[in-house]
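Heads up, the chain below is alone and in the form predicted alone; it's given as structure tokens.
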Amino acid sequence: MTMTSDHDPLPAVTRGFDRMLTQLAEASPAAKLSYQGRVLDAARRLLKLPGGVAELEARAGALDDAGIFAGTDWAVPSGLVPGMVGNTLRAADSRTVALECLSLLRFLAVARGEHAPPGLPREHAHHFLTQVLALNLDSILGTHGEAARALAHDLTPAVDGLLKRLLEGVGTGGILTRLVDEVWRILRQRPLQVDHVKSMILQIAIAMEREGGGIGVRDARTGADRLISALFGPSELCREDPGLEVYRARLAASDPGALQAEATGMARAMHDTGLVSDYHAAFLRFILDSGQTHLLPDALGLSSTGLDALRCYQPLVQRLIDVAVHPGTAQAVLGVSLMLERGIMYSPPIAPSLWRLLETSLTPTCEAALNTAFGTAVSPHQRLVGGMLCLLGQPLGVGQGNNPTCQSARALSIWALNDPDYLFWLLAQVTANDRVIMYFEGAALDSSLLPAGLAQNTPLDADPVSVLLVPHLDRIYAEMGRRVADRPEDPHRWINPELHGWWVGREFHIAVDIATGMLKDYAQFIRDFHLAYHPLHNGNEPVVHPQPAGIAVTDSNGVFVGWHAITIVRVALDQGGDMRVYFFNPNNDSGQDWGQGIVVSTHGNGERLGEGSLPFAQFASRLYIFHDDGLRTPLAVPVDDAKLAQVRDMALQSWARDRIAT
């Protein structure tokens, strides 16, 4: 119970707030906007008062139900990004700050089980808050730097108090342990975009330096030390993070044995974590500038495959490193290493395409987009070359970011994996002419002449290649959809082969009737998927080309969330003898809980970098669209009815429960 006095303004402000909240709840959709502003102004006043956060916390669910987030970027909580919360809380607009605070209190209410908005399970809310707290430990621990103090506003003390209250609600014990585990889980998927991960590691380092301030640190110390050292001290000469100038001086004074140790230490840290330190970039530039290129294979951590490719294309590789690898673009080192390991440079068009990319001039529009997304620490051209190397090295690491563009992200991944020559051609079109021309059923589609698709703005939280290509691909994808909108079947029957490439199977299978949304011949759909993809039923034929597919995404309760584009990469036995589907999910994080015990695995079950996987039946239970080439083998083995029933039951108990025709 909150103690008050005659001079305590809290009760009066709270009563006024409740009146405005009631008005907001009763307002028509068209009138809510004006009432939202009044409620946010009242919330701002409450935030500044002692006990005000508790009053807002008690009304978090009611605020959500009343429509405080309607029509805003916070309307769909499952789409919010933890890494953006800190900047919003430091925004100059007090209403925006208040809205973010109310959003965080909504997540806390969900995590406690006190509020249940659609599509936001408790564990997701808890996970979101853990990441937010980890990324803002400076506010919780009172370690504001000069920049933070310069950006402080009248709500900063209230924000700091709110974050501490969230920490009390989420629990202090083990937050760093969970954070370290989360960082490792993400890094095992080898994403292209790791800035948010580096921010997390920096916060871990700060917290550990202060011995955690009561937060559980020691349980996480081993894993955290590996992460911190990979970024700030991956080798002997930079173990204590001396700064780049001191490090370069040490390199210049080192003997051959010390330099050899640096090369192997750098590579070990890079391949262990998937992170590349700025010291690693400085080391590569040093050995190239000093003519000690014999250290390059060890510094890149190459196997015999990568070493052979390097020897065949060493002048080109050294030129790529010279252009793309700098402190600030160090991740390109991993891109170079993994690209060489893939052996794709032996494909005749790849080396000429890389040379062309090295010599290309970007249009002013391309330069402006890259500068807006990444800043000007290096040139847009250097940024793009580094981004292309990362995409070629980690084709399953590309993600859509906070953008509704899973189709475009999936296409980039498929091309980088299966047809990098075509990817180079698309990029060349954009850098030269600010457009992409693709063909749909014989008709040329010019992206520069098409209206915007799902992506209304340049994606700023994506890799450099995506920043340039996704807006064009998104327009073309939308135009393809318009051209087949009047056809009585799912548009992806025609779009997927035309957008992705000739290797997409022309046999198209869908689990639902387009007109009604109900299941249609579902048993045959499941049977066809087994006969097309299951090695024990299709004559042991592997997946020759990665194939686009569609899944019905469900939350941890098995409740349908929406349709989503993925890529089936391969089907194989895991080390335990279970048949698994290995797939790529462009949503930046393959590991998800889809309910009914269906938890997507990203490591430990034979996954390669960037893959998610599920046992065959579990994956089939969430599948609703797939392609195959129609080449049935005489060695096909019929599918047991029990297998079909198992998949059908999982579907009917989740996304398909309301899709049975009566």
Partner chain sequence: MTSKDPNKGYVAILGWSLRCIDALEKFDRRYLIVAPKWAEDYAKQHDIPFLSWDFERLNDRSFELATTLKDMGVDVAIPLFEETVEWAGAVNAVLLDNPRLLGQSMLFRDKSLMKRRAQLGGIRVGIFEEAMDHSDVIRFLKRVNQTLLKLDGDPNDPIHFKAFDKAGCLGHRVIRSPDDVAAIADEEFPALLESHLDGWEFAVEAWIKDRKIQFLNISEYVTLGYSVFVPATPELEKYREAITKQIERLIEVFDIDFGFIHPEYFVTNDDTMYFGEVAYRPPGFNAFELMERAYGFNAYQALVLAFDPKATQEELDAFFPTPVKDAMGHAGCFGVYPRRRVVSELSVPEETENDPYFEFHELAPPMETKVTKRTAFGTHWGLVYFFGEDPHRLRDLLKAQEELDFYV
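Residue numbers count along the first chain shown, from 1. Since we're looking at a predicted model, the values are computed, not measured.
Unshown form predicted together with the partner chain; subsequent notes refer to it.
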Margin query: Exactly one residue in Asp93, Asp289, Asp195, Glu240 has a non-hydrogen atom within 4.5 Å of the partner chain in the model of the complex; which is it?
Written below: Asp93
Check: Pick from Leu609, Leu33, Ala62, Ala636: which residue has any heavy atom within 4.5 angstroms of the partner chain in the model of the complex?
Finding: Leu33
Checklist line | 4.5 Å heavy atom contact, Arg19 to the partner chain in the model of the complex | finding: yes
Check: Are any of the heavy atoms in His603 no more than 4.5 Å from a heavy atom of the partner chain in the model of the complex?
Finding: no
Checklist line | the partner chain contact in the model of the complex: Gln23, any heavy atom under 4.5 Å | finding: yes
Check: Wondering, does Arg632 line up within 4.5 Å of the partner chain in the model of the complex on heavy atoms?
Finding: no
Note to self: Taking 4.5 angstroms as the heavy atom distance cut-off, pick the stretch from 590 to 598, 612 to 620, 41 to 49, 54 to 62 that is near the partner chain in the model of the complex.
What the structure shows: 41 to 49
